[in-house]
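First, one chain by itself in structure tokens, the form predicted on its own.
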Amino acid sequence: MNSFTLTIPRTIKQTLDELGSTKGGPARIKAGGIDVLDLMKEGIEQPGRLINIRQLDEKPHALREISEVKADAIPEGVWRLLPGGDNGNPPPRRDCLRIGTLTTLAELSHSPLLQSKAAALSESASLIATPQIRQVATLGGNLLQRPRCWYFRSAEYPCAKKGGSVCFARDGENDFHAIFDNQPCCAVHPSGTAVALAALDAVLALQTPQGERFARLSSFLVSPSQPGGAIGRENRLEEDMILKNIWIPSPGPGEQSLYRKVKHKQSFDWPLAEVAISLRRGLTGNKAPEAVRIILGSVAPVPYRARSAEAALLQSPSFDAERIRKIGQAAVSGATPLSRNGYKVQLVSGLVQQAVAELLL
């Protein structure tokens, strides 16, 4: 590991000043440091300055706070991006959950507020890594971590994501790689919380030197094949930006969510497949589903929205084993597995069936 200078700012302004400075070489933000230190030890990143933001103390809203904010206090930039605002008209104001990005995964998993109002996020955090890591790792770090592809992580392979010309996983050991959108890079997105937050229609608050900006998580995360994407990045975070807060719409009547994952072993291990579902039921009659988001994880460069499965779920107000099987099949429609990860197709289909059955039966 190369030598570096460590700074510990106390405010976001001090952090932005450090990011904007060129003295001492390139800067890298560290919170829990789980991924950053790995990248430095593996030689993938060699910053001259490390900015430890773990002790930021921003008032009035701490960056390690989980709270519910009433509708009339929601920033305009947030509520205009909430569900229902895609047709040119802003959505109706609604209460939201606000989560600071320095919140640890352990705090997410143990929060009674999240357990009752954002179950998918609480469940995803509770299943990441080990209890020891969850006590240190932060929500922001989990969202912004780099892919865990072994070719990317190994200094011996100049892969395309590191500026080379070859994706070695395409014809190599690709057992755990993408089955959707797997060109030109087939690494999967490593964040479990991102899968849950995508299902929950999360909005991000980003601080820049010019002021606060807001973005849907679904547009902030970007694959190489998407407009504005690049093979060397997984998100649209710029060097002068800080991820501050995550906003999630509070569930209304008839709304619920869940998150499920499959691992090779149930101790510390990376997932083979994940699914998060948010669902809204009608309040009268047979209470049939009226809206749904189904997000798949560990199958694409960013959390993958299974729109075909959503359409299949909304087609009928009644559900039985055959209907749920068809929803699972629709979830993997269009998959293009690689030479060694074809098993993921059936695995993902079964996982979606399990999750849908838990919600609807």
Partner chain sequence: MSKGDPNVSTEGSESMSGPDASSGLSRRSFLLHTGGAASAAALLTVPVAESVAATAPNQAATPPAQVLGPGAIAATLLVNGKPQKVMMEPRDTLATVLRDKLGLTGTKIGCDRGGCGACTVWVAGEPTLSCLMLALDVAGLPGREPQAITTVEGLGKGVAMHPLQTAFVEKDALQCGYCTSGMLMSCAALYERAKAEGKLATISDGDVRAAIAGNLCRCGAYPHIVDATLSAAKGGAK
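Every value quoted in this text rests on a predicted model; they were computed, and no experiment measured them. Positions refer to the first chain, counted from 1.
Not on display, but discussed next: the form predicted together with the partner chain.
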Stretch in contact in the predicted bound form with the partner chain, which is absent here, among 160-168, 173-181, 70-78, 138-146 (heavy atoms within 4.5 Å): 70-78
The partner chain: the contacting residue among Ile133, Leu127, Ala291, Leu113 in the predicted bound form [heavy atom, 4.5 Å]: Ile133
Ser109, Glu310 and Gln353 all contacting the partner chain in the predicted bound form, non-hydrogen atom within 4.5 Å: no
The partner chain contact at Leu361 in the predicted bound form, heavy atom, 4.5 Å: no
The partner chain contact at Arg280 in the predicted bound form, heavy atom, 4.5 Å: no
The partner chain contact at Ser339 in the predicted bound form, heavy atom, 4.5 Å: no
Residue contact check: Ala215 to the partner chain in the predicted bound form, 4.5 Å heavy atom: yes
Contacts with the partner chain in the predicted bound form, stretch 1-31 (heavy atom within 4.5 Å): Met1, Asn2, Ser3, Phe4, Thr5, Leu6, Thr7, Ile8, Pro9, Arg10, Thr11, Lys13, Gln14, Leu16, Lys30
